[in-house]
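Below sits a lone chain in structure tokens, taken as the form predicted alone.
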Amino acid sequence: MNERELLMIPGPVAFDPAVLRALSAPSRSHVSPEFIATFGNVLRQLRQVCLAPSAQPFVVAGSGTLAMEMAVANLVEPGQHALVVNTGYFSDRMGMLLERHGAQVTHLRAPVGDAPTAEQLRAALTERPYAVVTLTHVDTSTGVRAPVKALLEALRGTGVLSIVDGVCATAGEEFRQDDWGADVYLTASQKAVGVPPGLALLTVSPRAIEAWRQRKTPVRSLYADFGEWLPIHEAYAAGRPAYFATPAVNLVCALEVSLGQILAEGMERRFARHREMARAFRAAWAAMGLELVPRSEELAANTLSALRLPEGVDGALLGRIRDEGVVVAGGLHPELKARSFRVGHMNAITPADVLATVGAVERALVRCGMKLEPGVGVAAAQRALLS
């Protein structure tokens, strides 16, 4: 990849130089006093970013899929019923994980680009006794942002545990774990959290920890078992060395820097900035005649745009956009793969990045034969940024 190319995919994102410097520093011992202090600070920071002061954080070497599996492996026992509120590819993956761990899985689906409503969830909950409901905050395959606050409100008082997949949302989309009542919020390092791939992150409520303690069967995965990781995290939080498996030392050091930057910006301002950048992108897409996959503005994520390819334009558009100096992603959802593309806009996204990306997409569309008034998308984005 040319170092001057602008990376605008839905993860990995472009990373701040200070984060990369922390990543490239000489490795420390994972039981050194310095690293123990760093890890303890990261646990405190993660609670603040997720607005989850009562939660138990977990920081484990692995991908977002590991974070998903940790939630499932610890909260679901064989034979229990699980409900997946399905908004795309990663909701399907959650269903697969639940089945692997022995759950009987039901999917509450919506058409591609839409999301189930709180009313539909309430109705589904009357059908059988569910142990857990899973929600995907933003599905990276469709760009759909589920109405998680309303969905979680529908679960209050039911006794059903909730797992929220925030991989493409955490630190970009508004989420208030304690206030909204989510039992598990899970994510990964490489998107709006702003650290290269390799860390699975979870914040787990006291209720979910208690449910795990009351399990009747052992957790099927050794590496994913809260029972192996909880003593390690408790020790690091208390300033003591402990060992189960070697942590990703340099990634954790980089995470401390990135979480510090996020908190210095402030969560409210960060949520607002992602909304502002996304609004500018959506104004540009509309001006250029591009159709979003999400069926309404309310369902459109602020961390990425999933767009349908216009009539007469094929997947060669991605190469044309890269020729203009910007890297975007192709489609992912099976029903959209050949007819869509995706633009990430999360973490340290700036107005300059918005305008550069829109300009590259606009020029590429023209080179692919689409008739556009020059500058129409850039002008629309600029107006939105100035409003």
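As the structure is a computational prediction, the values presented were derived from the model and not from experiment. One-based numbering along the sequence shown.
The form predicted in complex with a small molecule is left out here; the points below concern that form.
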T140, heavy atom within 4.5 angstroms of the small molecule in the predicted complex:
yes
Taking heavy atoms only, is V361 within 4.5 angstroms of the small molecule in the predicted complex?
no
The small molecule contact in the predicted complex: M70, any heavy atom under 4.5 Å
no
Using a 4.5 Å heavy atom cut-off, state whether T65 contacts the small molecule in the predicted complex.
yes
Only one of 72-80, 255-263, 86-94, 283-291 sits within 4.5 Å of the small molecule in the predicted complex by heavy atom distance, namely 86-94
State the residue from A171, A146, A188, A182 whose non-hydrogen atoms include one within 4.5 Å of the small molecule in the predicted complex.
A188
With the small molecule left out of view, choose which of L202, A301, V167, V195 has a non-hydrogen atom within 4.5 angstroms of it in the predicted complex.
V167
